[in-house]
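Take a look at this single chain in structure tokens; it is the form predicted alone.
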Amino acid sequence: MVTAIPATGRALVRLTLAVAALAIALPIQAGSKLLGTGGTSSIEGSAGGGIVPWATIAGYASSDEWSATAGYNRVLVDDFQLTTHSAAVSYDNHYELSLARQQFWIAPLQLSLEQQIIGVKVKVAGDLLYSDLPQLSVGAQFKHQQRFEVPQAVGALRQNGIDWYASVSKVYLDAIWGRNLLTNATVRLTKANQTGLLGFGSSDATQYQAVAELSAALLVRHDVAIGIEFKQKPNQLAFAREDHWKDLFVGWFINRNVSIVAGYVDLGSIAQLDDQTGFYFAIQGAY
């Protein structure tokens, strides 16, 4: 069963589609970043892959330029659906501010959870393309679980939380069969259960935990990438184990204004329901 998208979600969907439709007709924007190196809108709103934030800054803005993006993400697995509507602005290829609203549909319970995320990211060293030093960015995601009665009932300690992370990304030109390769490694400090959808911490886990997140994407054409991601998860709630997430994806960067990503996801066990596998879809409009 698919729940109705709330009014704010519908507004963000319309914004995403409007930006995408307008962008198809626009000339490619100025900027020195290669096609695809702006990443896409992740499920938490930050620029990156589908489930992992990268060191990349949203959009294609270069020095002293602004960029804006709007994204729509959908994850469909056996017993759950996750929908994210997001928007981000960036400046000078150094600073990023993102907003995201997540809706998590639990089919066996006929219940929906919602989370809001405000993200900030700052590039602090290196460059994705133009230096020997990989690009290093640091970021924070401020998360608010809006229906805490369910996470609280299964042992979550708090309704709000902050994830802190550092990401290192690099594009290697002519790396494999003459194709460009992007790699990313992220270290995250978190108290989140299922990325915050089931609240934060527990009576047995009150401290931050460090987890690793990895991505790699090969541009098989200048506008098409295939990739893989891994997201390590903490395991804090006694009532059910929390597995790591993985995905395989294909991204089509139609131009610098529109991208579409689709893939296969394996979310493992969620809330005692095992083998949660399925598909992922995302569309991003950028200007």
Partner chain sequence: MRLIYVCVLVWLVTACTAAAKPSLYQQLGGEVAITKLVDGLLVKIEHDPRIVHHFKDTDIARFRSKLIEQLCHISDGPCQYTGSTMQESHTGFQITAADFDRLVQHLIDVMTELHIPLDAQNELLARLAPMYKDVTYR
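Keep in mind that this is a model prediction, so the values were computed, not measured. Numbering follows the first chain given and starts at 1.
Omitted from view is the form predicted together with the partner chain, to which the following refers.
In the predicted complex, at least one heavy atom of Asp174 sits within 4.5 Å of the partner chain.
At the 4.5 Å threshold, heavy atoms of Tyr130 reach the partner chain in the predicted complex. Asn255 falls outside the set of residues with a heavy atom inside 4.5 Å of the partner chain in the predicted complex. Contact between Glu65 and the partner chain in the predicted complex is found at the 4.5 Å heavy atom cutoff. Only one segment in the set 98-106, 208-216, 147-155, 178-186 has residues whose heavy atoms sit within 4.5 Å of the partner chain in the predicted complex; it is 178-186. Proximity to the partner chain in the predicted complex, taken as a non-hydrogen atom within 4.5 angstroms, holds for one residue of Ala240, Leu34, Ile226, Ile260, which is Leu34.
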